[in-house]
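A single chain, nothing else alongside it, follows as structure tokens in the form predicted on its own.
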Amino acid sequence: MSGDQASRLRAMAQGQRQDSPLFAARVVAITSGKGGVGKTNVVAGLALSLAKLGQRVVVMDADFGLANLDILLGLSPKFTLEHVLRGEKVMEEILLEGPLGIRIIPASSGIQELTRLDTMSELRLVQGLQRVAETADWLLIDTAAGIHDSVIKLLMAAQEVILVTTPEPTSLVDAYAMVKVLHLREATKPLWLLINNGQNPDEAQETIDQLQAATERFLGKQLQVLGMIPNDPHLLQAVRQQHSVADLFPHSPSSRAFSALARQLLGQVSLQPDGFASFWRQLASEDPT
């Protein structure tokens, strides 16, 4: 993205009225160091649990290489974000209505990276998301897995980051790599750790302790802990039926854990007076730091 483009986008964000409701939207990115840890299940479960608490939730599927949030929820998008970037549709026309009123911005495999858009595509994206965010309390961003530049850019721009990992050693190694990259970019970036698919609380705590020990020793960083989403056969059943477990099996162990997660975030992630504008200023920056 050119310096001129970045300047225009920053000016656009700074020029928004400070009393606009779009500034109330919390922007939270959910990511993982590697694929296969159940990240998109976490996004769906969290979104529905926040909706049950009366929150207005928009989920942006930013995993352009493997867009599957719509599939998980049994939705069939006719149009995707790619149509918005091309100027063929506006953001409101591609929004999918999900369970409990959550709204999904569907991605498309093979789409350009958000950090490499031309001026018109960038303008369409920013203005569309601004309009959508005016009626949202939360903008959840389901990123691709790994430490690719486009993923890191989104994570640095978000108000908060939730890092999903599992107890497997390879997942832990990749999770530490993600923490290290983010820490080196911005040491104060709020970073939450969530253990997914834990067999029991002891295993989850051991996983947390191992990662905390490594980040404290080598990075001097203390992670914020969100706890564990337990291994739950209802999750697999829900996936097979193309529903979120929080919607299909609301009293299952994993659904109860998602409810607790939503309440914790609602109580601890504060409203930022310029949260959404800050997100776009950061995304427009050549240097994420």
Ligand SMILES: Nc1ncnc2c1ncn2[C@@H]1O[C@H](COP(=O)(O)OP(=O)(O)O)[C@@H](O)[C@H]1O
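Remember, predicted model here, so these are calculated numbers, not experimental data. Residue positions are given as counts along the sequence shown, with the first one as 1.
From this point on, the text means the form predicted together with the ligand, which you will not see here.
Not displayed here, the ligand is kept clear of P250 by more than 4.5 Å at the level of heavy atoms in the model of the complex. A246 falls outside the set of residues with a heavy atom inside 4.5 Å of the ligand in the model of the complex. Contact check for G35: a non-hydrogen atom falls within 4.5 Å of the ligand in the model of the complex. Not displayed here, the ligand is kept clear of L48 by more than 4.5 Å at the level of heavy atoms in the model of the complex. In terms of contact with the ligand in the model of the complex, the residue from Q130, N197, T80, T207 that brings a heavy atom within 4.5 Å is N197.
Taking V225, L53, A260, V239 one by one, only a single residue has any non-hydrogen atom within 4.5 Å of the ligand in the model of the complex, and it is V239. Across the options 148-156, 80-88, 189-197, 171-179, residues that bring heavy atoms within 4.5 Å of the ligand in the model of the complex belong to 189-197. Taking a 4.5 Å heavy atom cutoff to the ligand in the model of the complex, the contacting residues in 226-255 are I229, P230, N231, D232, L235, L236, V239.
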